[in-house]
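There is one chain below, alone, in structure tokens, taken in the form predicted alone.
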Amino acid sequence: MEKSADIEISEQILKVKVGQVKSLAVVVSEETSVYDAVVTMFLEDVGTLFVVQSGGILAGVLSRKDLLKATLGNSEINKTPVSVVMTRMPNIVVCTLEESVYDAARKMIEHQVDALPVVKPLDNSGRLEVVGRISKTNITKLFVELGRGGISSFN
């Protein structure tokens, strides 16, 4: 009995891993001012910044909304560190290099976020090193590439 085309496409999509489509993470340190974070977000043309400690350890996430709330009515954005306004663990949704893009997309939809940090666990302490990002744009590019060349180009 032959597999239906839908099942075959589904199986192929589940094979595409985050590590195959991730992009570079745009990061700032916890001490970065809200003003500098806004400038970085604008210059890097991203909607999410990842806040890291030394060694690239994930400390927080900054969305456009976080920065907008922090700047409204705040004349001290040059002095306010992003650590005051960022989303912290355990409220950060992450993914790994080995995870399927499908699972990453499901997490983004479920948690209503535009991007996820791609992380690598460092040790048993729970610390996570940021090794990339996956965003709605990465997934859209994958979709377009799959339409051009077929799913097999990502295996």
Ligand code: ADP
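Every value quoted in this text rests on a predicted model; they were computed, and no experiment measured them. Residues carry their position along the shown sequence, with the first being 1.
The following text describes the form predicted in complex with the ligand, which does not appear among the structures shown.
Among residues of the shown chain, Gln112 is one whose heavy atoms approach the ligand to within 4.5 Å in the model of the complex. Among heavy atoms of Asn91, some come within 4.5 Å of the ligand in the model of the complex. Contact check for Asp103: no non-hydrogen atom falls within 4.5 Å of the ligand in the model of the complex. Shown alone here, Ser63 lies within 4.5 Å of the ligand in the model of the complex, counting heavy atoms only.
Scanning Thr32, Thr87, Thr40, Thr96 against the ligand in the model of the complex with a 4.5 Å heavy atom cut-off leaves one residue, Thr87. Contacts of stretch 120-145 with the ligand in the model of the complex, defined by any heavy atom lying within 4.5 Å, are made by none of its residues.
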